[in-house]
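In the form predicted on its own, a lone chain appears below as C-alpha cells.
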C-alpha cells in the first residue's frame, strides 16, 4: 500500500507538469482551431532560461531560496512570453486565412528551428542543475517502505493549483477572458462587436507560453537536467493529454495531464519502464474509440 501511495504522489506531480503544458495546446486550439506544435519548444526554452537564471543568481551570491525561485519564475515567464508572441506573429498570423495544413507545417518548422537554435546557442550536452529545494516529510512506513513527500513535490502541486485557480478566474471573470471566449465562438462576429481579435489571439499565445515556462522551471527543479530535445518529448505527451481530456477544454487538459502522469508512474512501477509511453498512447486510443471528443470535450456543432 505504501508503494502505491508513493507512486500516486509521483504521478500527480508529473501530471501537474504535463497539465500546464497541455493548457497551452488547448487554448490555441480553442480559439483558432490549430495545434501549436512549437509549444513544446517554448517549454524547453523556459527550462533553459530557468537554469541560466539560477546560475547567474548563484554567481551573484544570492542564496535566499524563495527569492531565487521567484526570480527564476518571473524571468522564465517573461522570456517565453516574448517567444510565444513572436511565434504567433511569425508562424500563425500571416497564415490565418490559409488552409490549416499550411499553418501546421509552419508550426512544425518553427519547432525544428527553435530546437536547433537552442542547440547552437546552449550546446547539445545535457545541462545539470544543483538541487534548489531539498528535504521533505515522511507520510507513512509499511513493510519496510517509506512514503516520502518532498517539499519540491508540494511546491509543484501547490503552484499548479494556484495557477489553475487564477487562470480559471481570468477566463471566466475578466474582460480578456470574455474576449477569448467570444473569439472561440465566432471570430468574425467578435470583431464586429469591437473585440480586437489579433490582440486577443496574441495574448492567448503569451499566456500559454507563460504556463509552459512554469512547467519548464518545475521539471528542471524536479529532475535536475535539461537538454534541447526535452520539448519534443514533453510536447507530444502534453498534446496527448490535451486530446485525452478533450481538446479545447481547460479542465480536460489538466485532467488529461494528471492521467498521463499517473499512467507513466504506475506503469513504470509495476511493469516494464520501457513501455510506459506505449501504455499512455494505448489508453489514448481506447478513450478516443469510445469518446472521440475526449473525456471532457464537447462535440463540435457545425454552423450552416
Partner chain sequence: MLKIEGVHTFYGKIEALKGVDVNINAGEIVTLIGANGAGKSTLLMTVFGKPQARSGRVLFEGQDITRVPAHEIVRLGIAQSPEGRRIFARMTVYENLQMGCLPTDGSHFEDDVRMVFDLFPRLEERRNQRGGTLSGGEQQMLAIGRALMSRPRLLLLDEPSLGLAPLVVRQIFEIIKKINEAGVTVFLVEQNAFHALKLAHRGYVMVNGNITLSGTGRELLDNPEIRAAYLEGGH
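Residue numbers count along the first chain shown, from 1. Just so it is clear, the model here is predicted, and its values are computed rather than measured.
The same protein also has a form predicted together with the partner chain, omitted here; what follows describes it.
- Considering the partner chain in the predicted bound form, the lone stretch of 73-81, 111-119, 190-198, 218-226 in range is 190-198 [heavy atom distance within 4.5 Å].
- Taking the partner from elsewhere, residue 141 is found to have every heavy atom lying beyond 4.5 Å of the partner chain in the predicted bound form.
- By the criterion of a heavy atom within 4.5 Å, residue 179 is counted among the residues contacting the partner chain in the predicted bound form.
- Within 4.5 Å of some heavy atom of the partner chain in the predicted bound form lies at least one heavy atom of residue 175.
- Looking at residue 146, you'd find every heavy atom of it more than 4.5 angstroms from the partner chain in the predicted bound form.
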